[in-house]
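In the form predicted alone, a lone chain appears below as structure tokens.
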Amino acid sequence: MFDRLSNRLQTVFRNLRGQGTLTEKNIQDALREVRLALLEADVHYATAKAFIDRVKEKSLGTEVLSSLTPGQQLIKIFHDELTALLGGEHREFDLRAIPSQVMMLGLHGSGKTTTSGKLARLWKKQGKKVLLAACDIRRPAAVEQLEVLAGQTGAGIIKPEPGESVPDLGRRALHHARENYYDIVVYDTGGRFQIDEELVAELTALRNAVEPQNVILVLDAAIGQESVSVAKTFHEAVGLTGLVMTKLDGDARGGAALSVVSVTGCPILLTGVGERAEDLEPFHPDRMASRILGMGDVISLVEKVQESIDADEAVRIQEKFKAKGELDLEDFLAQMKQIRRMGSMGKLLELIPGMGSIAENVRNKMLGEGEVRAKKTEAMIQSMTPRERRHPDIINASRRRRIAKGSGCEVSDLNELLRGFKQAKQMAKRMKQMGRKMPRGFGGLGGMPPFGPR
């Protein structure tokens, strides 16, 4: 997400930090590089120009030029202006009404129906009763797709009846929601490959029929500059209250997210960063600005840990370590699964301060090796019997050959795993003897060095 822009901006700032003093000339040179970086990242020309003009006005003031740390002052200006460009502050859906209504708009392929299902899952986890209304009556299998998503999330669903118009379907869904005490109704509307009069008329009629509090446009980040014109046209035709950007995990430029807020004045509420049902993240402009500038996002990282880690499981492992003074491979496997629920290693690294400054090829190498290592370790532990996981010392030569074959790894990989696990247990025992408190959250293995096959 924003990889290309982030890399370019961090190079510019490293050069600025290397300057003993900042002059009008080297600030102008830096701004020229930033402008090119924005345009290459697919930021709309007018948006890029307005951004550079605001930064330039603030950067050439005496407070920056006379500062003891002019480079840091300039970075703060960039961060503040980037945050403003992305919307300023985090916004939420308006869910005050009962039932609250969310009308989902978007072109074909934007991920509108999938996002409707993800929203249902998100709100169900928060204890809300959600109803999905299948208002896309033209796309083949659209109703069936939403029905599958409703089944997966435990949401209710209203499907069209023969000859029923979209506004009538919307009114029936709203009546059903009121009669059955639903908290939220999500209208999954029809899309086209491009906006036409028929689509606008259908969406306008549905909006007038149900009067939703939320009119959300789902935008595919991968279509780049086109997303700006799509958002502007939808906003002028129907009137938007918010945006959801999908497929940001597959777009290294990401300039569309920087442009659509400026053009429409509508906030980005959520971003889709993967295909999994849980890959839907709240959009925080200040946190995203920090990530783009290579400062990481510790708050989001902590939230991911809190959401993914099973507190009861962590306490169980902690108590087991206190009682026995050691853990086994079953405990380690349980912890690995909890960590993997947080998402890919690449997404987690984006949130760690300083990781953005590491060269892209080095970062990719670290990611590749780490993912392979984790998958091998998990495969080998899963190929063991429960008794072998609890008592690794019984794994003799024949058992090692069986486990290696069953996991698709080499015996040398297994030897390295077992050797590393033994060293980790010894270190944990020494820590306990020294009276050091074990870190919370990851049980007895917290703070231990990583082990497993390379």
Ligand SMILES: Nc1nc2c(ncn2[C@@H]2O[C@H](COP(=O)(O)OP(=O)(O)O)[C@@H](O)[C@H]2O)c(=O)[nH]1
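One-based numbering along the sequence shown. Please read these numbers as outputs of a predicted model, since none were measured by experiment.
The protein also exists as the form predicted in complex with this ligand; that form is not presented, and the subsequent description refers to it.
Contact with this ligand in the predicted bound form, judged by any heavy atom within 4.5 Å, is made by just one of 207, 118, 284, 235: 118. Of the residues given (76, 159, 108, 373), 108 alone sits with a heavy atom within 4.5 Å of this ligand in the predicted bound form.
Among heavy atoms of residue 179, none comes within 4.5 Å of this ligand in the predicted bound form. In the predicted bound form, this ligand sits within 4.5 Å of a heavy atom belonging to residue 273.
The closest non-hydrogen atom of residue 91 lies beyond 4.5 Å of this ligand in the predicted bound form.
By the criterion of a heavy atom within 4.5 Å, residue 165 is excluded from the residues contacting this ligand in the predicted bound form. Heavy atoms within 4.5 Å of this ligand in the predicted bound form are found in exactly one of 239-247, 258-266, 225-233, 121-129, that being 239-247. The partner is not shown here, but in the predicted bound form the stretch 110-146 reaches within 4.5 angstroms of this ligand through a heavy atom at 110, 111, 112, 113, 114, 118, 145.
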